[in-house]
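Quick heads-up: it's one chain on its own, the form predicted on its own, in structure tokens.
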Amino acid sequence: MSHAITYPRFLWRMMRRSFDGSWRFYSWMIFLTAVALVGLNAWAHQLTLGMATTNMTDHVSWGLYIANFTFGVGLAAGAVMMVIPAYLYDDHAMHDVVIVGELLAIAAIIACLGFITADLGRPDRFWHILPGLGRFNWPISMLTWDVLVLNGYLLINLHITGYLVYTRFLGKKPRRRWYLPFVFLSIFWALSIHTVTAFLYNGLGGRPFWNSALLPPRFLASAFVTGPAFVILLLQILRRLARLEVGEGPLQTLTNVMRVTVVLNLFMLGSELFTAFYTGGHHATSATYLFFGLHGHTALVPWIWSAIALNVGSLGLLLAHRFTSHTRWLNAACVAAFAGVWIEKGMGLIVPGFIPSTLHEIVEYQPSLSEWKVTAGVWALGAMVLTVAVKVALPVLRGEVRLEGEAP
């Protein structure tokens, strides 16, 4: 049979194969589906009863949803750490890892869009920012820039992964002109999605906690911690459960990236704290509340010190080569770094920007049970997308899929 198979037929065939899995696959998908349904039910109650089901107020209008959105954008941007060594430095061992990283970026962006939808309160009013129907306000509004870069990054990653997997499925060599320009564009675009997200915050003049020129590079440094950390863990899972041949080279490269970026992330955080506490004044009030509490209000103090402990512990494990040579210690370092950045960029960044308020009032915020359910549901949706996408790509990456009628 000819190798001329259409792309829709390829997608249909690979989707059929994705449902042919082991009991582990089905158990994992059933679990994620259950969590997603719990989140969907909580979101339905939120749509019915309004944002009163959350603990957000007029004083703290961004909470757990925007915190996870910020973290998710960084996770998606971290995929570029696989692209740079693979294509800029021509590391052939990283080429398959690039596809895994791009699939992670797709799932993370979908999760980010889910968090934005949950935070809107009235998603039916989304049309207000659609060009032609509403007022897009581009290029004045930073929000419209964020809409463009996030959706653009999603489309770029869909094209790269779809084309590379499709051509490998056909047994053909991919044409560089059809994917390489998009690969280099994805490097720039990955930097832009988190830079624009940072600009959303430090462009708000009434929130001194975010008014720092160091915020965009801090966002990028933390993104290049979480992306490699997650991919290291994912590759080991795929190597053990899915028989994907992954050498030690990619894992070592990503570990070396983390050794640098964890240090940079902590250094930038320390620089911010020095500026806030050494100079003092009104601009240090939010940082004081975050780290030490303010007038008896200490809701976020355990969060941020836990994040610092996790990041420092991860750094210690990564710098001690005798630990990272053992898989369990490397995994512990990745989990600690991932959790530490999730807290630091989430509750440790978004909420303190609103406390105290512009009227110097202290209204604390703790996520409601409904918010936790919706958040878990959105992450479960992202995990389902990643699981199915990886399962579709795995047979092609392993060279197991052949065209009908082709000799083995």
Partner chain sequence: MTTPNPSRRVALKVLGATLGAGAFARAVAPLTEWTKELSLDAFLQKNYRELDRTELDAVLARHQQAAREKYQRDDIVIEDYRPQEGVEFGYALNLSVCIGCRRCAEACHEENNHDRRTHQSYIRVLEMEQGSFDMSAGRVDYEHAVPAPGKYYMPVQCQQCDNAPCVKVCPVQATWKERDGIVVVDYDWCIGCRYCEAACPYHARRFNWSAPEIPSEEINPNQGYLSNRVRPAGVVEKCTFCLHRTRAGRLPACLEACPTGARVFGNLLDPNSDIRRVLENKRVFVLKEELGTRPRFFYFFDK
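Residue numbers count along the first chain shown, from 1. Here the structure is a predicted model, which means the values were calculated and not measured.
Omitted from view is the form predicted together with its partner chain, to which the following refers.
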| property | result |
| --- | --- |
| L369, heavy atom within 4.5 angstroms of its partner chain in the predicted complex | no |
| N151 within 4.5 Å of its partner chain in the predicted complex, heavy atoms | no |
| G270, heavy atom within 4.5 angstroms of its partner chain in the predicted complex | no |
| Its partner chain contact at T375 in the predicted complex, heavy atom, 4.5 Å | no |
| L40, H128 and H360 each touching its partner chain in the predicted complex (heavy atom, 4.5 Å) | yes |
| Contact residue in the predicted complex, chosen from M56, A380, M347, I355 - any heavy atom within 4.5 Å of its partner chain | M56 |
| Proximity to its partner chain in the predicted complex, single hit among S141, T298, N256, T288 (heavy atom within 4.5 Å) | S141 |
| Stretch from 241-249, 195-203, 213-221, 312-320 whose residues place a heavy atom within 4.5 Å of its partner chain in the predicted complex | 195-203 |
| Those residues of 40-55 which, in the predicted complex, come within 4.5 Å of its partner chain by heavy atom | L40, N41, A44, H45, L47, T48, L49, G50, M51, A52, T54 |
